[in-house]
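As C-alpha coordinates, one chain now follows by itself in the form predicted alone.
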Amino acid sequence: MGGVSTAIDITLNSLVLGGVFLIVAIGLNIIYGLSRVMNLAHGSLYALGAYSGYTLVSTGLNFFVALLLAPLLVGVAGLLIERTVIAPMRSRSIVYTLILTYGLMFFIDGLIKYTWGNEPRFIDLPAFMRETLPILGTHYPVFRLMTLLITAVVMAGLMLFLSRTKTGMTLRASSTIPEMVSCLGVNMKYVHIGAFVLGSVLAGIAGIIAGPLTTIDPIMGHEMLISSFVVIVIGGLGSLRGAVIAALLIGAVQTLAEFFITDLAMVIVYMLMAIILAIKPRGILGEGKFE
(Lines give C-alpha, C1' and ligand atoms only; values in the text may rest on other atoms or scores of the structure.)
Protein backbone atom coordinates (compact mmCIF):
# COMPACT_ATOMS: atom_id res chain seq x y z
CA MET A 1 0.00 0.00 0.00
CA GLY A 2 3.00 2.28 0.50
CA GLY A 3 3.63 2.47 -3.22
CA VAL A 4 -0.06 3.01 -3.98
CA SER A 5 -0.40 5.82 -1.41
CA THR A 6 2.74 7.52 -2.76
CA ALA A 7 1.40 7.27 -6.32
CA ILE A 8 -1.92 8.77 -5.20
CA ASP A 9 -0.14 11.62 -3.41
CA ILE A 10 1.99 12.38 -6.47
CA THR A 11 -0.99 12.19 -8.84
CA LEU A 12 -3.18 14.48 -6.74
CA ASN A 13 -0.33 16.92 -6.10
CA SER A 14 0.33 17.03 -9.84
CA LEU A 15 -3.30 17.87 -10.54
CA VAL A 16 -3.37 20.55 -7.83
CA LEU A 17 -0.19 22.23 -9.08
CA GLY A 18 -1.24 21.87 -12.72
CA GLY A 19 -4.63 23.38 -11.89
CA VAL A 20 -3.08 26.51 -10.38
CA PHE A 21 -0.72 26.81 -13.35
CA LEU A 22 -3.69 26.40 -15.67
CA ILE A 23 -5.80 29.19 -14.17
CA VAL A 24 -2.89 31.65 -14.24
CA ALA A 25 -1.79 30.65 -17.75
CA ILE A 26 -5.34 30.72 -19.16
CA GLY A 27 -5.74 34.27 -17.88
CA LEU A 28 -2.45 35.31 -19.46
CA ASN A 29 -3.40 33.53 -22.69
CA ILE A 30 -6.80 35.22 -22.87
CA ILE A 31 -5.19 38.64 -22.55
CA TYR A 32 -2.63 37.82 -25.23
CA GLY A 33 -5.06 36.04 -27.54
CA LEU A 34 -7.60 38.88 -27.57
CA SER A 35 -5.46 41.99 -27.41
CA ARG A 36 -1.92 40.81 -28.24
CA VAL A 37 -0.63 42.13 -24.89
CA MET A 38 1.93 40.03 -23.02
CA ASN A 39 1.28 41.18 -19.46
CA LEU A 40 4.49 40.75 -17.46
CA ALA A 41 2.67 42.05 -14.37
CA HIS A 42 0.32 39.06 -14.42
CA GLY A 43 2.31 37.29 -11.70
CA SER A 44 2.01 40.38 -9.49
CA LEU A 45 -1.78 40.31 -9.95
CA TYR A 46 -1.64 36.67 -8.82
CA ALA A 47 0.23 37.80 -5.68
CA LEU A 48 -2.28 40.61 -5.19
CA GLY A 49 -5.06 38.01 -5.24
CA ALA A 50 -3.31 36.03 -2.50
CA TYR A 51 -2.80 39.12 -0.33
CA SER A 52 -6.35 40.32 -0.91
CA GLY A 53 -7.65 36.92 0.16
CA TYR A 54 -5.43 36.95 3.23
CA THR A 55 -6.66 40.42 4.24
CA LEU A 56 -10.33 39.56 3.75
CA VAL A 57 -10.04 36.34 5.75
CA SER A 58 -8.05 38.04 8.51
CA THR A 59 -10.88 40.59 8.95
CA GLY A 60 -13.22 37.71 9.79
CA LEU A 61 -14.77 36.89 6.42
CA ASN A 62 -15.35 33.27 5.49
CA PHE A 63 -12.73 31.84 3.13
CA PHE A 64 -15.32 31.17 0.42
CA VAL A 65 -16.66 34.73 0.63
CA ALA A 66 -13.08 35.95 0.26
CA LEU A 67 -12.71 33.59 -2.71
CA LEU A 68 -15.49 35.53 -4.43
CA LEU A 69 -14.41 39.03 -3.41
CA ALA A 70 -10.61 38.89 -3.81
CA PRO A 71 -10.67 38.12 -7.57
CA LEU A 72 -13.15 40.97 -8.08
CA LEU A 73 -10.73 43.35 -6.35
CA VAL A 74 -7.94 42.11 -8.62
CA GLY A 75 -10.28 42.55 -11.59
CA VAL A 76 -10.77 46.21 -10.61
CA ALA A 77 -6.98 46.58 -10.43
CA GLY A 78 -6.77 44.99 -13.89
CA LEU A 79 -9.34 47.48 -15.22
CA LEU A 80 -7.29 50.40 -13.91
CA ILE A 81 -4.11 48.96 -15.44
CA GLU A 82 -5.76 48.40 -18.81
CA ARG A 83 -7.19 51.92 -18.96
CA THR A 84 -4.12 53.79 -17.70
CA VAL A 85 -1.17 51.69 -18.90
CA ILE A 86 -2.22 49.34 -21.70
CA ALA A 87 -4.80 51.33 -23.67
CA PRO A 88 -2.54 54.31 -24.51
CA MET A 89 0.07 51.91 -25.91
CA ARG A 90 -2.28 49.61 -27.81
CA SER A 91 -1.52 51.05 -31.24
CA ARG A 92 2.21 50.67 -30.73
CA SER A 93 4.51 47.65 -30.91
CA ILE A 94 4.12 44.87 -28.35
CA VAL A 95 7.58 45.83 -27.08
CA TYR A 96 6.14 48.98 -25.47
CA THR A 97 3.64 47.01 -23.40
CA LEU A 98 6.31 44.48 -22.48
CA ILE A 99 8.49 47.24 -21.06
CA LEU A 100 5.59 48.99 -19.34
CA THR A 101 4.20 45.84 -17.71
CA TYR A 102 7.71 44.81 -16.67
CA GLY A 103 8.04 48.08 -14.79
CA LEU A 104 4.49 47.72 -13.49
CA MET A 105 5.42 44.34 -12.02
CA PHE A 106 8.01 45.97 -9.77
CA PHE A 107 5.64 48.81 -8.92
CA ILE A 108 2.97 46.35 -7.71
CA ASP A 109 5.60 44.34 -5.83
CA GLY A 110 6.73 47.52 -4.08
CA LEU A 111 3.12 48.44 -3.31
CA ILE A 112 2.58 45.00 -1.78
CA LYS A 113 5.72 45.34 0.36
CA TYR A 114 4.65 48.82 1.50
CA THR A 115 1.13 47.62 2.41
CA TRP A 116 1.77 44.17 3.88
CA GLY A 117 5.51 44.15 4.62
CA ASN A 118 8.10 41.53 3.73
CA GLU A 119 7.16 38.87 6.28
CA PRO A 120 5.34 35.74 5.06
CA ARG A 121 1.56 35.59 5.44
CA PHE A 122 -0.75 32.61 5.78
CA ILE A 123 -4.46 32.32 4.99
CA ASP A 124 -6.48 30.95 7.90
CA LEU A 125 -8.57 28.13 6.46
CA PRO A 126 -11.94 26.90 7.79
CA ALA A 127 -11.58 24.04 10.29
CA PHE A 128 -12.86 21.34 7.94
CA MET A 129 -10.30 22.29 5.28
CA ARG A 130 -7.46 21.72 7.75
CA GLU A 131 -8.45 18.07 8.11
CA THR A 132 -7.21 15.13 6.04
CA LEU A 133 -9.27 12.58 4.14
CA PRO A 134 -8.25 8.90 3.92
CA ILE A 135 -7.82 7.82 0.28
CA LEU A 136 -6.54 4.29 -0.41
CA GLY A 137 -4.00 4.20 2.40
CA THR A 138 -2.99 7.86 2.36
CA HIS A 139 -4.38 10.83 4.26
CA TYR A 140 -4.71 13.72 1.84
CA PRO A 141 -5.34 17.34 2.95
CA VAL A 142 -8.91 18.46 2.39
CA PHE A 143 -7.82 21.95 1.31
CA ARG A 144 -5.87 20.43 -1.59
CA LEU A 145 -8.95 18.47 -2.67
CA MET A 146 -10.96 21.71 -2.41
CA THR A 147 -8.35 23.38 -4.62
CA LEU A 148 -8.95 20.69 -7.23
CA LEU A 149 -12.71 21.18 -6.97
CA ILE A 150 -12.45 24.98 -7.23
CA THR A 151 -10.15 24.66 -10.24
CA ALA A 152 -12.61 22.31 -11.96
CA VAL A 153 -15.55 24.64 -11.24
CA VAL A 154 -13.65 27.70 -12.50
CA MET A 155 -12.57 25.98 -15.70
CA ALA A 156 -16.04 24.52 -16.35
CA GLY A 157 -17.60 27.95 -15.78
CA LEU A 158 -15.06 29.59 -18.09
CA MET A 159 -15.65 27.06 -20.85
CA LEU A 160 -19.43 27.48 -20.56
CA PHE A 161 -19.04 31.26 -20.62
CA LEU A 162 -16.87 31.18 -23.75
CA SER A 163 -18.97 28.62 -25.62
CA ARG A 164 -22.56 29.28 -24.54
CA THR A 165 -22.91 33.03 -23.99
CA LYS A 166 -23.05 35.80 -26.59
CA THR A 167 -20.27 37.71 -24.84
CA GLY A 168 -18.08 34.63 -24.65
CA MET A 169 -18.59 33.80 -28.32
CA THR A 170 -17.75 37.41 -29.22
CA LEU A 171 -14.51 37.12 -27.26
CA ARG A 172 -13.63 33.85 -29.01
CA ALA A 173 -14.36 35.33 -32.44
CA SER A 174 -12.31 38.41 -31.59
CA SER A 175 -9.25 36.27 -30.96
CA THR A 176 -9.24 34.93 -34.52
CA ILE A 177 -11.09 37.44 -36.74
CA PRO A 178 -11.08 40.81 -34.91
CA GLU A 179 -11.62 42.79 -38.12
CA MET A 180 -14.84 40.90 -38.90
CA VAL A 181 -16.10 41.29 -35.33
CA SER A 182 -15.38 45.02 -35.51
CA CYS A 183 -17.27 45.27 -38.83
CA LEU A 184 -20.30 43.69 -37.14
CA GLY A 185 -20.53 46.69 -34.82
CA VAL A 186 -18.72 45.35 -31.77
CA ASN A 187 -16.59 47.98 -30.05
CA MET A 188 -13.17 46.36 -29.76
CA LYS A 189 -12.26 48.67 -26.89
CA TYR A 190 -14.72 46.81 -24.68
CA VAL A 191 -13.42 43.46 -25.94
CA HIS A 192 -9.90 44.45 -24.88
CA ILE A 193 -11.13 45.70 -21.51
CA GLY A 194 -13.15 42.53 -20.94
CA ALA A 195 -10.20 40.30 -21.85
CA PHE A 196 -7.82 42.09 -19.50
CA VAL A 197 -10.29 42.14 -16.60
CA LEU A 198 -11.16 38.46 -17.12
CA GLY A 199 -7.48 37.50 -17.18
CA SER A 200 -6.88 39.55 -14.02
CA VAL A 201 -9.81 37.88 -12.23
CA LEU A 202 -8.40 34.46 -13.10
CA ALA A 203 -5.00 35.51 -11.70
CA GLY A 204 -6.77 36.61 -8.50
CA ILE A 205 -8.58 33.28 -8.20
CA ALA A 206 -5.32 31.39 -8.61
CA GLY A 207 -3.66 33.61 -6.00
CA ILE A 208 -6.19 33.00 -3.25
CA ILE A 209 -6.44 29.24 -3.83
CA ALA A 210 -2.64 28.94 -3.97
CA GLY A 211 -2.27 30.95 -0.76
CA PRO A 212 -2.79 27.94 1.53
CA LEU A 213 -0.52 25.79 -0.68
CA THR A 214 2.52 28.08 -0.52
CA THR A 215 3.85 30.91 1.58
CA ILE A 216 2.38 34.29 0.64
CA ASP A 217 5.23 36.72 0.05
CA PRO A 218 5.72 39.86 -2.09
CA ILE A 219 7.62 38.13 -4.90
CA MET A 220 5.54 34.94 -5.06
CA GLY A 221 4.25 36.10 -8.43
CA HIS A 222 7.67 36.03 -10.08
CA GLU A 223 8.03 32.26 -9.96
CA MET A 224 4.41 31.80 -11.01
CA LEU A 225 4.93 34.16 -13.96
CA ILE A 226 7.84 32.04 -15.17
CA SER A 227 5.84 28.82 -14.75
CA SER A 228 2.83 30.28 -16.57
CA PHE A 229 5.07 31.41 -19.44
CA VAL A 230 6.42 27.87 -19.69
CA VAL A 231 2.84 26.60 -19.86
CA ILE A 232 1.70 28.98 -22.60
CA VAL A 233 4.90 28.50 -24.62
CA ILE A 234 4.53 24.70 -24.51
CA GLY A 235 0.78 24.95 -25.13
CA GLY A 236 1.16 27.56 -27.85
CA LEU A 237 0.63 31.32 -27.56
CA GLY A 238 -3.10 32.01 -27.68
CA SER A 239 -4.15 28.34 -27.56
CA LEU A 240 -6.52 27.58 -24.67
CA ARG A 241 -6.64 23.84 -25.41
CA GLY A 242 -2.87 23.72 -25.55
CA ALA A 243 -2.62 25.55 -22.22
CA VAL A 244 -4.80 22.89 -20.54
CA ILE A 245 -2.58 20.05 -21.76
CA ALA A 246 0.63 21.96 -21.00
CA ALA A 247 -0.45 22.93 -17.47
CA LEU A 248 -1.29 19.35 -16.53
CA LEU A 249 1.94 18.13 -18.13
CA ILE A 250 4.11 20.69 -16.34
CA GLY A 251 2.32 20.04 -13.05
CA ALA A 252 3.06 16.32 -13.35
CA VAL A 253 6.68 16.77 -14.46
CA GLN A 254 7.47 19.33 -11.76
CA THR A 255 5.85 17.24 -9.02
CA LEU A 256 7.70 14.09 -10.07
CA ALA A 257 10.98 15.98 -10.42
CA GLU A 258 10.60 17.57 -6.97
CA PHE A 259 9.84 14.16 -5.48
CA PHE A 260 12.79 12.30 -7.02
CA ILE A 261 15.41 15.00 -7.78
CA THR A 262 14.46 18.07 -5.78
CA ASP A 263 17.31 20.39 -6.76
CA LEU A 264 16.86 19.92 -10.51
CA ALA A 265 13.07 20.12 -10.77
CA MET A 266 12.90 23.36 -12.75
CA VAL A 267 15.86 22.32 -14.91
CA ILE A 268 13.86 19.25 -15.99
CA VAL A 269 10.86 21.48 -16.78
CA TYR A 270 12.96 23.82 -18.95
CA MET A 271 14.55 20.86 -20.74
CA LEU A 272 11.07 19.52 -21.51
CA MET A 273 10.07 22.92 -22.88
CA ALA A 274 13.14 23.03 -25.12
CA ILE A 275 12.48 19.52 -26.45
CA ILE A 276 8.81 20.23 -27.20
CA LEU A 277 9.60 23.54 -28.92
CA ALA A 278 12.28 21.87 -31.03
CA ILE A 279 9.66 19.41 -32.28
CA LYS A 280 6.54 21.61 -32.18
CA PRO A 281 7.55 25.31 -32.39
CA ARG A 282 3.90 26.42 -32.38
CA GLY A 283 3.15 24.52 -29.21
CA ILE A 284 2.07 21.02 -28.36
CA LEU A 285 -1.08 21.21 -30.53
CA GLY A 286 0.46 23.39 -33.24
CA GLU A 287 -2.06 26.18 -32.56
CA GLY A 288 0.30 28.88 -31.30
CA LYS A 289 0.48 32.33 -32.87
CA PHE A 290 3.68 34.14 -33.84
CA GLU A 291 4.09 37.92 -33.74
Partner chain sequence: MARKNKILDIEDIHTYYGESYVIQGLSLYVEEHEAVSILGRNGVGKTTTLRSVMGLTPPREGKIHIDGTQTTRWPAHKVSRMGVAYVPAERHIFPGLSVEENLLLAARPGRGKDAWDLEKVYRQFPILSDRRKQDGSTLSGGEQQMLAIGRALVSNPKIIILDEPSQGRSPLMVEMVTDVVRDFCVASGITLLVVEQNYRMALNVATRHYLMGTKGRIEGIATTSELREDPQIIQNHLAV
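Numbering follows the first chain given and starts at 1. The structure presented is a predicted model; accordingly, all values stated were derived computationally and were not measured.
Just so it is clear, the following notes concern the form predicted together with its partner chain, a form of the same protein that is not shown.
A.B. asks: Please name which of the stretches 194-202, 73-81, 146-154, 180-188 has residues with heavy atoms lying within 4.5 Å of its partner chain in the predicted bound form.
C.D. replies: The contacting stretch is 180-188.
A.B. asks: Is there a heavy atom of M169 no more than 4.5 Å from a heavy atom of its partner chain in the predicted bound form?
C.D. replies: So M169 counts as contacting its partner chain.
A.B. asks: Would you check, heavy atoms only and a 4.5 Å threshold, whether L136 touches its partner chain in the predicted bound form?
C.D. replies: Flag for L136 set to no.
A.B. asks: Does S163 make contact with its partner chain in the predicted bound form, using a 4.5 Å heavy atom cut-off?
C.D. replies: Close contact exists here: in the predicted bound form, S163 approaches its partner chain to within 4.5 Å, heavy atoms only.
A.B. asks: Taking 4.5 angstroms as the cut-off for heavy atoms, does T176 touch its partner chain in the predicted bound form?
C.D. replies: Within the cut-off, so yes.
A.B. asks: Using a 4.5 Å heavy atom cutoff, which residues in 70-109 contact its partner chain in the predicted bound form? It's fine if the answer is none.
C.D. replies: The stretch does not touch the partner at all.
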